[in-house]
Every structure is written in structure tokens, then in C-alpha cells.
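First comes one chain, alone, set out as C-alpha cells in the form predicted on its own.
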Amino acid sequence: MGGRLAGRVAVITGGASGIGLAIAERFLAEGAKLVLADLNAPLLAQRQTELGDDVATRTVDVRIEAQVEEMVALAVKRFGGLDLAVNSAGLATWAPIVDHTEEQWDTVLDVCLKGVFLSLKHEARQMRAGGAGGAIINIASLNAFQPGEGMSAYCAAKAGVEMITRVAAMELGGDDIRVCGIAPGLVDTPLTTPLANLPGVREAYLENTPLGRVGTPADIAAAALFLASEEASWVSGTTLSLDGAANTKRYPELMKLLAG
């Protein structure tokens, strides 16, 4: 076991699978204690069994402020404070703008952007109250910077995450609270598998990724560990592109691919 996060307490939203789970496992291996939050209660119960006593779990809908506040309170009650947070909960829909429903738009913006706002708000309040500073990491996306066809809601939400990361870093720096983002490209997770497995889609992503592979949750977890650690003590207000240099090229033409 490493010790880069020894004695630190973290909350992770969207922590039952994918990127959130990989970050949780990496933080645990480095000595942190965790509150793992997710909307999937059965999967959270499974993670509790797998990960052990240094993890507390909480079923949380990040769109509901009272539940987010309770998540943060659990970290204090169970482990004595809050030093780190990773806001990873998210989802996406796909539809051209002219066909995108209001319900789809609201769902994506509420989970991906409002959820980050509410989480950041209560995490920062507790860190400020604790008086010892902290680090908050928001999971954005390549689509915060690069538009994707049929992804207007997701692109808008993730662009908002990138900007709220900068605003929060500006406001909270005086409290020694660092706020950073990570913008992954295509990463193999349960969320991306249905899209990536459609004919031609994975190949199109790879063609537009100079390093020639999709990402893994472990790639993102390694970056999150750096940003959470003291090695990044002067890093704040920036969002790290983690996409195999896909940001240097163009996004796949999904409308052509999905039209068959």
C-alpha cells in the first residue's frame, strides 16, 4: 500500500462503477478513507462489501441538495472531516438539436452540471469550516472543449463544469482549497460501452486519437491521484485534458455513423 493520501478523507460521487470506482480504489490504496456516493444502491452495497471498513457508502441523487449535504455530513460523522472530493457522477444522451427533448436536456444538465455545483458547494463549505484546506476534482470531458454531433446537452454541461472549476478555484484559493478538473476522452466504462460498440464508432474515435487507444479508468485515476496529492499543491483552476491528444484533431462524425 502507498501512503500519498494517508489520513485524508474523500467523497466520490458516481463512485460505484467506471471512473469513479477506479479513483476510489486508487485513493484507498494510497491510504485515504472514503464516502462513496452513487444512485445505484445495489451496486453500492456490493462495493461496500468489496472495499472494506475504510469506505462508507451513501445512495445520493446529486440533483437533490439535501442528499448531497447528507453525503458530506457522513464523511464528517464517520471519518472526522473532509479533505478531498471527486465529482464524477454523470450521464449522456444522444439526439440532434432539432430532435432533442426538453426532458433529455434537463436530465443531462441537472446531473452533469447542477450535480457538480451542488457537490462542490457543500464540499467546499465543509473544507472551509475544517480550516485545513483541501482539493476538489471535477470530472469534465473532452466535450467541454470539442463539440460532438448529437451531444449538445452533454457538451454544454461539461463546458459548464470546466468553467465552474475555474470560478471555484478563484473564489476558494484564499481558503487553501484547490479546484481542478479532468477532461477525459473516450474511456471504456459502462457509460460509454453502448456507443463505442456501435459499428464504426470505436474505429472513428481511434482514428482521431493520436496515441491510438481509448482510455481506461485507471488512466483517469492516476491523474486524480496526482491532483489530490501534495505533489499538485500549486495546481488549481485548470482542467487536465486526458485524451491521447484527441483534442488536437476532430470529433467523430456521429450522425453519419449512427445513420447506418
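Quick note: we count residues from 1 along the sequence shown, nothing fancier. Since we're looking at a predicted model, the values are computed, not measured.
The next section is about a form of this same protein that is not shown, the form predicted in complex with a small molecule.
- With the small molecule left out of view, the stretch that reaches within 4.5 Å of it through heavy atoms in the predicted complex is, among 96-104, 167-175, 120-128, 136-144, 136-144.
- When contacts are judged by a 4.5 Å heavy atom cut-off, Ser17 counts as touching the small molecule in the predicted complex.
- Under a 4.5 angstroms non-hydrogen atom cutoff, the small molecule in the predicted complex has Ala89 among its neighbouring residues.
- Contact check for Leu191: a heavy atom falls within 4.5 Å of the small molecule in the predicted complex.
- Although the partner is absent here, Val72 sits far enough away that none of its heavy atoms falls within 4.5 Å of the small molecule in the predicted complex.
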